[in-house]
Ligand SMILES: NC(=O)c1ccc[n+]([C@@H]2O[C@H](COP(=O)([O-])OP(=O)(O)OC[C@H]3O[C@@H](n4cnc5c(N)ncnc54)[C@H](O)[C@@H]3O)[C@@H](O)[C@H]2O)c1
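The chain below stands alone and is given in structure tokens; this is the form predicted on its own.
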Amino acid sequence: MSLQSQLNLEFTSINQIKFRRITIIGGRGRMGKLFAEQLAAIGHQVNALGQQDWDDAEQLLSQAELVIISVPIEYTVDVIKRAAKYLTPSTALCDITSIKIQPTQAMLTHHNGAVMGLHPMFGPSVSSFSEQKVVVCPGRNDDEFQWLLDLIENQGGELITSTPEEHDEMMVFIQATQHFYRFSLGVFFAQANVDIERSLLMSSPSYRQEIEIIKRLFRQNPSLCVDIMLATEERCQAINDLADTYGRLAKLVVNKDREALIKEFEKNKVIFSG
């Protein structure tokens, strides 16, 4: 295809877009800003509704064709309830929180229009949806969100469909325990006064990768990290179980029980053999 033909195709595609009025609650936060930038870049009219803007909520929400909830986990359900009072049945409502059961149920209960739960599996430091995963939890009238899902896929993003229940079960292990493990390791390294930069000079690639992940974790807002660990009772219990496992295995190490450690290795390696 010639360059001119490609430009004509892109021009035609852009002009076929139906530009929508969108309000992002929490749109001045880092993740909210990312979505706002991606949507505004192709011509959608995007407004942000922050804590200071609720006096204008009727104007910002009642006229919106899509409302995205992008607030901390602990406030999500209350914000959904508060926002729903201003929405019309023609407004599509979705959230981008890292838990899905409670927000999705709250949206279905308090809003009569289209509802969908989304969980972007990336942080706000990315520049686009390219090569990023987004978990999609259908709710009601899913076709109303197809244009948004198409936008993510057209940028090179990957959509994974899940029920809210499966999503939350998986995130116990994908997010909560991983945050706790890396949070704990970071605290341990700090307490041991490890010279991180010196250690990187003589490290393996896997160590360098792990340290970079821990650095990114500690560059986050601490509330975000903590809220991910504390979001549900299931997450708290899994973290407690993980700590128990650490303790049990550590005792084997302290006792220099080589045979028992090898048995643990052999017994549990099957889950990773695929």
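The structure presented is a predicted model; accordingly, all values stated were derived computationally and were not measured. The first residue of the shown sequence is 1; numbering continues from there.
Below, we refer to the form predicted together with the ligand, which is not included among the displayed structures.
Undergrad: Thinking of the ligand in the predicted bound form, which stretch from 72 to 80, 106 to 114, 185 to 193, 148 to 156 has heavy atoms inside 4.5 Å of it?
TA: Looking at the partner contacts, the answer comes out as 72 to 80.
Undergrad: Sort through Q209, Q237, T245, N221 and report the residue having a heavy atom within 4.5 Å of the ligand in the predicted bound form.
TA: When the ligand is considered in the predicted bound form, the option within 4.5 Å is N221.
Undergrad: Quick check on this chain: which one of M31, L66, A231, L60 has a heavy atom within 4.5 Å of the ligand in the predicted bound form?
TA: Result of the distance check: M31.
Undergrad: Quick one: in the predicted bound form, does every one of R20, G43 and N47 get a heavy atom within 4.5 Å of the ligand?
TA: Contact check failed for every one of R20, G43 and N47.
Undergrad: How about S98: is it within 4.5 Å of the ligand in the predicted bound form, going by heavy atoms?
TA: Taking the distances in the predicted bound form, the answer for S98 is yes, it comes within 4.5 Å of the ligand.
Undergrad: Looking at the partner-bound form in the predicted bound form, is P164 within 4.5 Å of the ligand by any heavy atom?
TA: No - in the predicted bound form, heavy atoms of P164 and the ligand never come within 4.5 Å of each other.
Undergrad: Would you please decide whether P120 lies within 4.5 angstroms of the ligand in the predicted bound form, comparing each non-hydrogen atom pair?
TA: Heavy-atom contact with the ligand at 4.5 Å: present for P120.
Undergrad: Using a 4.5 Å heavy atom cut-off, state whether P138 contacts the ligand in the predicted bound form.
TA: P138 lies outside the contact set for the ligand.
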